[in-house]
Each structure stands twice: as C-alpha cells, then as structure tokens.
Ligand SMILES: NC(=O)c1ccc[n+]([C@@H]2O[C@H](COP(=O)([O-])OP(=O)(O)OC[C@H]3O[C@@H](n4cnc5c(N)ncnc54)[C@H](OP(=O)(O)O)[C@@H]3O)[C@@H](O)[C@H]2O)c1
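Before any questions on binding or motion, here is one chain by itself as structure tokens, the form predicted alone.
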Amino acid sequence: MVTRENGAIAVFGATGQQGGAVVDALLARGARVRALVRTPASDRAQALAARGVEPATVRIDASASTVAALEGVAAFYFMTPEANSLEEVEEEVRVGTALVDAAAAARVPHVVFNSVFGADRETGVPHHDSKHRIEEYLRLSGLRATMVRPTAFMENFATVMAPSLEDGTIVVRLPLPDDIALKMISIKDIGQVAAAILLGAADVPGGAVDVVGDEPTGPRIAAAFGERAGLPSRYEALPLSVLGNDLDKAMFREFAKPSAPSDLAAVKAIEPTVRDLAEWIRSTGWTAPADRVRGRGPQSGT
C-alpha cells in the first residue's frame, strides 16, 4: 500500500513517547523506519538503531540535512517539542514550519502531523494554538497531509493524575468539573492510529482525525478504577489554582468547556484495537496503591 517503492517511513520525534509509539507500531507491521534524530549518539537513538531503525541526523537550523533525510521516503510523521512556556511555544512553531518546508522540498508523498485535539481552531491555549499555526502552514504547503489530533493521555493516570486509596476508597482528583467529560487516549493507541494512516491502511475523511479512545466524566473515571480494585470510589474536582503552570491552567480551562461527543467509531474504523479507559486499566495491570488511613499515613497491603 505504501508508494515510492515501499520506501521507509520517516519519523521525527522517534525518541519521545508518542513518536516512539509510532515507531513501535510501524515495526510491528513490518515497515522500514527512518528516525530523524538530532543526537544519534544518545541512548534512545542507539536503542532504536539496535532494533533496525535507520538513523538520519538532522539539524533544524540546517535545512539541507532535513531535506536529505526525507529524500525517497514513502511518508513522514512528525511531532513538535512540547512547549512549557510562551518562549517554547514560538520555538515549537519554528521547528514545525521548518519540517514542513523540508518535506515540501523533498516532495514527500504524505505527511502526518501529530497535533492536538482542538487545533482546528484557535482556543487561547498557547501550546495548542501553536499546533493550529503549524496545521495551517502545512495545509498551505500543498503537501498531502493528515492531522492526527490526540486528546489527554490515559498514561497520566499512572503518574501525575494517579488515583489514591484513602480509608478504603479509590479517590481521583482533577482540576475539572465533575459533569465534564475528559476526552482521552492511550499513547500506544496514538501510535497504532498513526501507523495505520502512514501505511495507507486507513482513509481519513477531511484529512484530520480526533484520536479519542474514551470520554468519561470524573466520577466515571473514579468508578473505572474502583471497579478494577473492587473498592468504592469518589471523584473530587479541584480548582485550577493547583496547577503551577499557566499553560496547563489555560488547557484545563479549555477542557472544562462543554463539547460535542467524539466520533469514537471513526477512530475504531482506523484502528479497531483502540481501548477505552477500563480496557487500558486492565491492560496495564493497574492495582490500587497503598491505603492512606486518615491520621496514620500509608499502610501496606490493600
């Protein structure tokens, strides 16, 4: 299905979480992968090479290196570095537009941009609007392009948004009203969706897809973890003030706005294995943490 004599699929961002998931999915499907990396000697780049991924060294400030790395590829996936400040937002746009220019110069047949949910418009969330700007630049490039727009990561529930166990109850706390659905997707499933598109195994009407695996409210999120643990659960909505980053505050303020239900069937049509939250919880082998009994601190055993 891949054109250009079944050439390699180029991936920029292959050493990161989402790009790494794309590489995993491509390799599992037997594709040739070329990783565009800025530091080929890094441990992550070396680990990719050990798996048969072809490394190609690029420098964003030296466009010829990126054009050369994209010569002859069948398709190109890229994502931009996540911004944590307004200065980094501008750097993200600079990197994204440079990659689009290089893809145009190399006449890449198909470009897949890993964007973000809501980037079809300006939202006032700086690190989302940056991706909107890159999307618009890509559309004007004349390249055949597909926008993959992931939502919040389920993996956050294993780290920064992890449930706690308090007095025998699973507790989930988020800076989100309890009646608002949080659209979410597993990082692994982002890779599966992007790989299917890159390999031509799926069509994306309109050239963009919101990658959503589930959209539960806070109480439903807590219930999913409680059901897995066999314990009661509750959800507590937190104020935005708990977030220390202004970009994160802007993002959760946008999350709190009511939105239309997602077309989950459209995502399943691209990749039938995409999981909902309950399936993700089961697949990760999640177990309840140590109980925090009030006034006594964490207790071993649950």
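Residues carry their position along the shown sequence, with the first being 1. Remember, it's a predicted structure, so these values are computed and weren't measured experimentally.
There is also a form predicted together with this ligand; it is not shown, and the following applies to it.
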**Request:** Choose from 102-110, 164-172, 151-159, 199-207 the stretch whose residues reach within 4.5 Å of this ligand in the predicted complex, heavy atoms counted.
**Result:** 151-159
**Item:** 4.5 angstroms heavy atom contact with this ligand in the predicted complex for residue 80
**Value:** yes
**Request:** Verify the contact flag for residue 215: yes if a non-hydrogen atom of it lies within 4.5 Å of a non-hydrogen atom of this ligand in the predicted complex, no if not.
**Result:** no
**Request:** Consider residue 189 of the chain shown here, and say whether it contacts this ligand in the predicted complex, taking contact as heavy atoms within 4.5 Å.
**Result:** no
**Message:** Residue-level contact is defined here as any heavy atom of the residue lying within 4.5 Å of this ligand in the predicted complex; does residue 228 satisfy this criterion?
**Reply:** no
**Asked** So which of 49, 27, 243, 60 reaches within 4.5 angstroms of this ligand in the predicted complex, heavy atom to heavy atom?
**Response** 60
